[in-house]
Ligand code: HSE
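This document starts with one chain, in the form predicted on its own, laid out as structure tokens.
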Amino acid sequence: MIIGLLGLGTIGRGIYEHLEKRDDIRVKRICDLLRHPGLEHLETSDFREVLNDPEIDTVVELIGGMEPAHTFTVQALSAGKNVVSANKLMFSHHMEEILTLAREKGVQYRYDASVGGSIPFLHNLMRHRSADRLTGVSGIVNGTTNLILDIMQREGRSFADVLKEAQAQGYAEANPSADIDGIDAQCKIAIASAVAYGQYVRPEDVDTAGIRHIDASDIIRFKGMDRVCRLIARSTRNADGSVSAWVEPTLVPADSAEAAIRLNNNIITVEGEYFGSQSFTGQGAGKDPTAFAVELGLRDILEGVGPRMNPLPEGYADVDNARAEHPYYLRTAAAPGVPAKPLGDGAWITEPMSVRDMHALAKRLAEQDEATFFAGICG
């Protein structure tokens, strides 16, 4: 296998180092805007040198973001090259186009690394779906937010302080919006839901809230409730065939599996009619864990593990978040306007209400109080 590697950032450097130890996969070209000492003989800033090289049969896309990742992926597949990627943002928004094109061209698009990092989750999700009717997917799928929440609650530190430290240590980006506002988790649950239920799920249909406005007063109340806050992504397949899918801070029991997930680790649970519930835990991000997942995708191509294990979804799911409901913790300086038990100092516990209605309510309340924060209460 001859590789064209797009992007030599943290993950790109990891996969290059991994592949240097193999004799069945060779990196022939590295396409990156920056120059890296010692690799000049492999480097180019012109993607056409990768695209037009007949020896390169597989492209590893690790530049991230929407563009030019989308354009390069489409061009590579159209040219008959396999593509392996960890890009959940681009893929979640162009899943149908990319998978359909790969199938038409007789090549593979492997995206196992896009959800769960080193956790062999999507691969096993595909296997589970082949033998059971899957009914739910949920878990902690963003390591940055889990790191922040875990440290805040165990050490009593402020959101701003922990975020700053996470940025300094490389766990959070300079612009952390994708993580702390839940966008990364939104893309991941859209991808996982499509695999689980065999229907595409648009990311924009996933009601999403992040952790940006959590504060010390919230943490104190959570401890009094014997609860731990985690950012949970969840989807369920309803009896009528519709799907409910959302991302939100969630108060889980202090003795739950999710509460035990520390620092930047992940836990993802899949539910099925036959096997019940199974959880996968491990490192969900980082240089070596993600490079490991990319390498597994390359191995799958070498071993011919492809369309049989990854059937194309059919059509788009009817996403109905009015079907999922539970109580919520709500803190706001505005009047809630829904049945709720007051906790004092602007905090409330609502009666059970739908995910759709709570997210809509929170947006209205944020117009009056930008610091409004809410969290689902589950388990």
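Residues carry their position along the shown sequence, with the first being 1. Note that the structure is a prediction, hence the values are computed from the model and not measured.
Below, we turn to the form predicted in complex with L-homoserine, even though it does not appear here.
### Task
Heavy atoms, 4.5 Å, L-homoserine in the model of the complex: which of 248-256, 207-215, 281-289, 193-201 makes the cut? Say which one.
Contact criterion met by 281-289 only.
### Task
Name the single residue among 144, 108, 73, 235 that comes within 4.5 Å of L-homoserine in the model of the complex, judging by heavy atoms.
If I apply the 4.5 Å criterion carefully, the residue I get is 144.
### Message
Give me the residue from 77, 119, 149, 172 that has a heavy atom within 4.5 Å of L-homoserine in the model of the complex.
### Response
Exactly one listed residue reaches within 4.5 Å, namely 172.
### Task
Evaluate residue 112 for contact with L-homoserine in the model of the complex, applying a 4.5 angstroms cut-off between non-hydrogen atoms, and reply yes or no.
Answer no; every heavy atom of residue 112 is more than 4.5 Å from L-homoserine in the model of the complex.
### Query
For residue 88, is any heavy atom within 4.5 Å of L-homoserine in the model of the complex, or not?
Judged by the heavy-atom cut-off of 4.5 Å, residue 88 is in contact with L-homoserine in the model of the complex.
### Query
Within 181-200, which residues have a heavy atom closer than or equal to 4.5 Å from L-homoserine in the model of the complex?
Those in contact are 184, 188.
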